[in-house]
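Next comes just one chain, in structure tokens: the form predicted on its own.
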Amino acid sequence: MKKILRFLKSMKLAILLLLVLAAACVVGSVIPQRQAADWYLETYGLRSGALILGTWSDDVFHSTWFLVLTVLLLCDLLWCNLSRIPGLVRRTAAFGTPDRLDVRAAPARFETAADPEPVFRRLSMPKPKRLVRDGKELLFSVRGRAGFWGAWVTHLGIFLLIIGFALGQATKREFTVSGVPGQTLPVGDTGWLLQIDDFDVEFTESGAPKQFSSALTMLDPDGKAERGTASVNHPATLGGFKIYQNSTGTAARVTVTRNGELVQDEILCAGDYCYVLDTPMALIFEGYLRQGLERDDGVRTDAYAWSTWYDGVSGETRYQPEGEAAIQTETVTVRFSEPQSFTLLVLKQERFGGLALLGGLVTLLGLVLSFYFQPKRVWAERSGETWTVCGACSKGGSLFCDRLREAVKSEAEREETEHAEG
């Protein structure tokens, strides 16, 4: 039983769980998440698709096994950290107390007749305390005890990182909005509205798109507005949403007239659809082709690509030349016009991003404590006219012993030189 408990609070289990969770994150990044079951079967085949669905790899971050492993890792890290606190407190306190210093057991010990106090300065140690122990004069200085807590703080940071990531993935909300300047569009079911004020596309000298930028206004359910600009690699933060400039494409205006009267007027982005009047037929706008259609007379012209969807059946793609009608009957005319660029935006709401950031900062602090804070102490005990200078360092002890030896030797030579000159 003790072995089981020891393993449950060991770093071996934590590392094993971290590896499994890292592999799961890779799976969740490679395999598109939260698609329809049929999509996985069609895309990956029956066997692989069934394996993905059976292991919940289609929704890794919300799967039961991922949550269980995450909770186990958190419990293990928390148990490890809490159980180590008493020992770390005792070790830190003992290292800074001169009561238990033993000259004979010191890792580094050198005798000198010179005043040892300059040795402390050469080693960048704090000014030593002067004490009397067992009738002997004692100098003592300690530095870098915070280094004992480096690994503990690192584990705490990883603990916060995992909590922030897990809660962020479990509660994250993501919405996609596409539109053209002048449109005000709903953001899912949140009650927020996104108004597209302007959209600008920069091009390179070769004519390829270089940068997309959207000027936006975010309206909360009460009508309060926040404004900002989202561009590629420079998201905007409005109303608690992180807004990413994802892509662009062509939009067009579709109008429906009945007996010459305008009865329907909508903007469709490529891939969007609308139902024509009150019929069950949907009209799908597929894109705009510049000089992409050859007319009967051999002249190439711009055209709108569109198709229909009716009663579960998709129609073939058709093309409407610029200036003509897509559908023309005795009473109804459907026409595409005004091609323009639309902006495709992705809005993410992550409520625990700050906790993950805090975890990253705490982890960084732990690494700094681990690598740059070396707990070391130096003390000197006087016996008659001779001083015994001792030192200990919990990290890089041999290098510290060499430094201590050189400091004692240099100080002794300096004092001898001054004595000879005097």
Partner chain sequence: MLKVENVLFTAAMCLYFAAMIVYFLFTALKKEKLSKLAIGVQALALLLHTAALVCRGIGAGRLPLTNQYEFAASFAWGLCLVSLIFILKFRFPVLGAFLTPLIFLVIGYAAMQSREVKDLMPSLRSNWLGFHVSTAIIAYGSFGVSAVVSAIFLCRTRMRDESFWGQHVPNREKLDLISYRSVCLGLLFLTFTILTGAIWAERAWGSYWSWDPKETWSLITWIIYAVYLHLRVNRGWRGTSAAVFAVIGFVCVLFTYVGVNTLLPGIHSYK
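Residue numbers count along the first chain shown, from 1. A quick note: this is a predicted structure, and the numbers were derived from the prediction, not measured.
The same protein also has a form predicted in complex with the partner chain, omitted here; what follows describes it.
**Student:** 335-343, 264-272, 227-235, 113-121: which one contacts the partner chain in the predicted bound form at 4.5 Å, heavy atom to heavy atom?
**Tutor:** In the other structure, the partner sits against 227-235.
**Student:** Tell me, out of Y288, F241, W149, F212, which residue has a non-hydrogen atom within 4.5 angstroms of the partner chain in the predicted bound form.
**Tutor:** Result of the distance check: F212.
**Student:** Quick one: of Q245, Q320, S178, S141, which gets a non-hydrogen atom within 4.5 angstroms of the partner chain in the predicted bound form?
**Tutor:** Here the answer is residue option Q245.
**Student:** Heavy atom to heavy atom, is L18 within 4.5 Å of the partner chain in the predicted bound form?
**Tutor:** Yes, L18 lies within 4.5 Å of the partner chain in the predicted bound form.
**Student:** Even though the partner chain is not shown here, does M218 get within 4.5 Å of it in the predicted bound form, heavy atoms only?
**Tutor:** Heavy-atom contact with the partner chain at 4.5 Å: absent for M218.
**Student:** Are any of the heavy atoms in F61 no more than 4.5 Å from a heavy atom of the partner chain in the predicted bound form?
**Tutor:** Flag for F61 set to yes.
**Student:** Just checking whether R173 would be counted as a contact of the partner chain in the predicted bound form - the rule being heavy atoms within 4.5 angstroms.
**Tutor:** So R173 does not count as contacting the partner chain.
**Student:** Does any residue in 325-359 get within 4.5 Å of the partner chain in the predicted bound form, counting heavy atoms only, and if so which ones?
**Tutor:** If the 4.5 Å heavy-atom criterion is applied to the partner chain in the predicted bound form, 325-359 yields K348, E350, G353, L357.
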